[in-house]
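One chain comes next, on its own, written out as structure tokens in the form predicted alone.
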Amino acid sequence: MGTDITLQNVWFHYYPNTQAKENWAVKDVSLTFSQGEYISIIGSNGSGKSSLACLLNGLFIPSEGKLFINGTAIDSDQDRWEMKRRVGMIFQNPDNQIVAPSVLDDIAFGMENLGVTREDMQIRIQQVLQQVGLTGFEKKEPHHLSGGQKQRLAIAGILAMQPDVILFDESTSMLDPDGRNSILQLMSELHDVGITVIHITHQASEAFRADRIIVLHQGSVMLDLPKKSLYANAAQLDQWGLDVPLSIQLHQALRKKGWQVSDKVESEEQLVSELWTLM
């Protein structure tokens, strides 16, 4: 059936008795995430991205408003457990997510909490090791892995629990370029097999890999658009403290210089194609 998540007028604050709503981490957010989407949530530091991620995963509960899975309100601890089962989360620092002395034991940990049988565990472990590129590392101690390999191990542990949705909360920010590209490619592959991918980042260049982009600023949703619609108008990201992707800056600079480049470019690939025709 999959998992659709809806937030309805959600507010959140870390200090429940706070009355001044301008200081809340999440402010009156209403969003729907449908099964199979690839979504980026982008915002500068302090925009409320991680708070929203923890709401979507059931780690936090709204201070006000409602959260729904497939139309059912998340009201009880049992509801939150179900949400955590359906929505996996990859944190910024994989060391905060790795709990066992070996790669194999770490992947098995979450499945043991779900009551997965030993036979199914063995099958799933081999599947996710291959999926994340860690086959042959079963007996390796996690502290001997590189940063990118640790992040892949964290992803494998979540994949083994077979969630419908995976949240990546700034999961590439501590990696070198090769490790970052590897994780971004894995996100695309997970989306290709039907998993809902929600990528939370402050890097606009990463965000534009998704099909839909949500911009947060000071806890509020500023934009919620398909990538194609936002690409041609991405210069406005600057007003919320976000970097404009280099390809978009180039597109605008070329037009100002008089190059006959379409004003309706919707992707980096389309821009490259147009430039080839002008050469």
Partner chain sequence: MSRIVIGQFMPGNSILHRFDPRAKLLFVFLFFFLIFFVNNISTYLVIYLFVFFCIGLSQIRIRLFLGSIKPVLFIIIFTSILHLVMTKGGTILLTTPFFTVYEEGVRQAAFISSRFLILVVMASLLTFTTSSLDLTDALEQLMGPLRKIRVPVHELALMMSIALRFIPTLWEETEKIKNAQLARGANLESGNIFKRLTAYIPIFIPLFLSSFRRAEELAMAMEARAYRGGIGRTKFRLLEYKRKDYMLIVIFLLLVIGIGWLRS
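Here the structure is a predicted model, which is why all the values come from computation and not from measurement. Positions refer to the first chain, counted from 1.
Although not depicted, the form predicted in complex with the partner chain is the subject of the following passage.
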remark   = None of Asn93, Gln203, Gln149, Gln131 but one has a heavy atom within 4.5 Å of the partner chain in the predicted complex; the exception is Asn93
key: in the predicted complex, the one of Ser188, Gln127, Asn181, Asn113 near the partner chain [non-hydrogen atom within 4.5 angstroms]   = Asn113
query = Check Met222, Glu268 and Leu271: does every one of them have a heavy atom within 4.5 Å of the partner chain in the predicted complex?
reply = no
request  = Please determine, with the chain shown alone, which of 205-213, 80-88, 67-75, 191-199 has non-hydrogen atoms within 4.5 Å of the partner chain in the predicted complex.
outcome  = 80-88
Partner proximity in the predicted complex: Leu59 to the partner chain, non-hydrogen atom cutoff 4.5 Å = yes
message = Whether Gln122 contacts the partner chain in the predicted complex should be assessed with a 4.5 Å heavy atom distance threshold; does it?
response = yes
query = With the cut-off set at 4.5 Å between non-hydrogen atoms, does Gln97 touch the partner chain in the predicted complex?
reply = yes
inquiry  = With the partner left out here, check for me: in the predicted complex, does some heavy atom of Asp105 sit within 4.5 Å of the partner chain?
reply    = yes
inquiry  = If you apply a 4.5 angstroms heavy atom cut-off, which residues in 143-167 are near the partner chain in the predicted complex?
reply    = His143, Gly157, Ile158, Met161
